[in-house]
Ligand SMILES: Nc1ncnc2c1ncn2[C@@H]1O[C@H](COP(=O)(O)OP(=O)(O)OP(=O)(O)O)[C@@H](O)[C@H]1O
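In structure tokens, one chain follows: the form predicted alone.
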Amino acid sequence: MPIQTLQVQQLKLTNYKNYTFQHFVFGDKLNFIVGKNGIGKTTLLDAIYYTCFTKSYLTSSDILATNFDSVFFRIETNLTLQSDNQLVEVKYLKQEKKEILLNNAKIERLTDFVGQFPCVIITPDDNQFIIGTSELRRKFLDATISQFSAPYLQQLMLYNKIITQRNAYLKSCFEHRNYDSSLLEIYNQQLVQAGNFVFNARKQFIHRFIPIFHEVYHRIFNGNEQVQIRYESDLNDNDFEILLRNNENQDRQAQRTTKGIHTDDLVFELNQFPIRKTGSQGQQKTFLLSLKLAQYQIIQSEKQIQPLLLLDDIFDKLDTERIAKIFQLIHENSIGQVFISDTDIKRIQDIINTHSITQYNIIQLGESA
């Protein structure tokens, strides 16, 4: 089956972050979003991400995504999937449940929507993904696998729900001294079933992902550096059910579940050392770009759809050779529609001329955006 093309044709934003109202029309391949910092470049990319995931990449709460004192926002996105027109509408009103509509039909379950329009985003803050907490790296795993496996997203959401309930019960036991081992056992059984599913899916994914990552990394950086990814999990060497039982007293004292797939992590290594400690900013950025471009490739392979690729201010701290490698990858037919933001129109023009780019669209954002 041929790989399907996915493209955003138009985007309308109403009261979304720093936009009161704006209408954008995009090109089929390369779209350069140019403007000063704070003018709305990242917001524009984030709105496309929101269309695909029904949530912001940068804002934890929808109320924070509304424009100034507004109590609502709206995102309307016209897409084509293999020339088939699609309309996604996001409607948010404060103190009301937000609505996601696909072709005027309300989406009732998140798992029925996520993955229909696959997307990969790279932002400057993603450096925290390399040097920050394990939660960010788990989000990378979840955001990748969920786009091609609805059962994974279902089991992950179930696991998180049970963890919340189990933790609330542990806290209640500590505060009121009303411990009931039989109730905890019920939570354990539910947790084990969902947790084992998520663990096995992550393990299988990493096994497939690492060779793709290695290939992409060495295409961007022609050197002798050795890079590696290790998947760390409490379940690697332990039966989850036994693990929960053996840590019951510790959980009761901590008032939370201390073991499980919610503590999983990815360890990134450069020449057998953690890259967050030994890697330069350029090396870390190359590692990050390789991770995200490998993410793109594996989602495309699993979905047989070209994901949207959103690149926010990626050229800082990259030399011309690595920028050239990235555009070589973009030029290949394996990568579809791309959105690139930057502050420097001259740099964009130089890139266009240097790489003889003919299929592109430039959107310059002014003070009125």
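Numbering starts at 1 and runs along the sequence shown. What you are looking at is a predicted structure, and each value in this text was computed from that prediction instead of being measured.
In what follows, reference is made to the form predicted together with the named molecule, a form of this protein that is not presented.
Chemist: With the named molecule left out of view, choose which of 323, 311, 329, 39 has a non-hydrogen atom within 4.5 angstroms of it in the predicted bound form.
Modeler: Exactly one residue meets the criterion: 39.
Chemist: Can you work out whether residue 18 and the named molecule are in contact in the predicted bound form, taking contact to mean some heavy atom pair no more than 4.5 Å apart?
Modeler: Yes, residue 18 is a contact residue.
Chemist: Is there a non-hydrogen atom of residue 65 within 4.5 angstroms of a non-hydrogen atom of the named molecule in the predicted bound form?
Modeler: Contact with the named molecule, yes.
Chemist: Within 4.5 Å, heavy atoms only: does residue 51 come near the named molecule in the predicted bound form?
Modeler: Residue 51: no contact with the named molecule in the predicted bound form.
Chemist: Determine whether any heavy atom of residue 31 comes within 4.5 Å of a heavy atom of the named molecule in the predicted bound form, and answer yes or no.
Modeler: Residue-level check for residue 31: no, no contact with the named molecule.
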